[in-house]
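Quick heads-up: it's one chain on its own, the form predicted alone, in structure tokens.
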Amino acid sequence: MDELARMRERSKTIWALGDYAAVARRFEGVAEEVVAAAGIGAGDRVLDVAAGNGNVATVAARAGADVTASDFTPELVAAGRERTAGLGLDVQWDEADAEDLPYPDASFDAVTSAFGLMFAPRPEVATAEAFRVVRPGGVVAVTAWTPDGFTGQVTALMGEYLPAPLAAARPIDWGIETTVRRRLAPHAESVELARGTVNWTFASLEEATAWLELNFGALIAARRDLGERYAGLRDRLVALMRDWNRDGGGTVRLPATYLLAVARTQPT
């Protein structure tokens, strides 16, 4: 197995750790923005790539779209399928890699990905796949954490401790406007960008640390794999939260900035 394949298998394991649903609940509101910005409505054929447990897929299905959701982590596919079925929503769930989508060309009116496509190790490949499966005149809408927000800073910190192939891109580069335009523009007639913020709130710094250690898969993997080095990572994470806290009186509010990119393709 080559380096990239080993990284993919490791990533699947990490995404299956902890409680992804608990994490995803904290940015459910972004899914509403993605669906609205993409203009998704009744009858639209939508593919949600790296869908996690279905934040965007759920909103799109409630809007009346014909939704397919894909993720390369089997546990998240199972969780998403259970979630949408429990809500009475008809969503097709597939296990699929963002860099190798098992769908014909021009199969969808819209392709979306909220904080998912950003973790594909080869962004140019994943971008090309998203545009390959969207029809002419369709839309690709993605979100990513920005480097200048709290979650972007955490993503960068974790990248210092968790191994990745030398050729893999930094996930937070998807949150840099010039980089996103460069990646999307060759495939699109227009690219619109907007920034937003998700606030991660906790009753205390201790609660925030305990919550992350319980639910955040990458941190669980680091604690398992780093041995004595984990204490240094934990100390840096706590210091990061202390520096980013925008509340006083002991409560915690951590502003996580994200970038929403909406690319529209050339009609035929």
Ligand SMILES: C[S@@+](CC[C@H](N)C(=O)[O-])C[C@H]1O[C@@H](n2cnc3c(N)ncnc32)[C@H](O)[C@@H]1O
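Residue numbers run from 1 along the displayed sequence. This structure is a prediction, so every number in the text was calculated from the model and none was measured.
Although not depicted, the form predicted in complex with this ligand is the subject of the following passage.
A.B. asks: Establish, in the model of the complex, whether T146, V154 and W174 all lie within 4.5 Å of this ligand, using non-hydrogen atoms for the distance.
C.D. replies: No: none of T146, V154 and W174 comes within 4.5 Å of this ligand in the model of the complex.
A.B. asks: Tell me, out of A106, L162, A188, A96, which residue has a non-hydrogen atom within 4.5 angstroms of this ligand in the model of the complex.
C.D. replies: Looking at A106, L162, A188, A96 one by one, just A96 meets the 4.5 Å heavy-atom criterion.
A.B. asks: Going by heavy atom distances of 4.5 angstroms or less, which of A130, V91, A110, L76 would be at the interface with this ligand in the model of the complex?
C.D. replies: Exactly one listed residue reaches within 4.5 Å, namely L76.
A.B. asks: Do L219 and this ligand share at least one heavy atom pair within 4.5 Å in the model of the complex?
C.D. replies: L219 lies outside the contact set for this ligand.
A.B. asks: Could you confirm whether V59 comes within 4.5 Å of this ligand in the model of the complex, counting heavy atoms only?
C.D. replies: V59 lies outside the contact set for this ligand.
A.B. asks: Does any heavy atom of V140 come within 4.5 Å of a heavy atom of this ligand in the model of the complex?
C.D. replies: No, V140 stays farther than 4.5 Å from this ligand in the model of the complex.
A.B. asks: Is there any non-hydrogen atom of F27 lying within 4.5 Å of this ligand in the model of the complex?
C.D. replies: Answer yes; at least one heavy atom of F27 falls within 4.5 Å of this ligand in the model of the complex.
A.B. asks: Among 225-233, 202-210, 238-246, 47-55, which stretch has residues whose heavy atoms lie within 4.5 Å of this ligand in the model of the complex?
C.D. replies: In short, 47-55.
A.B. asks: Residue by residue through 118-133, tell me which have a non-hydrogen atom within 4.5 angstroms of this ligand in the model of the complex.
C.D. replies: Residues within 4.5 Å: F119, A120, P121.
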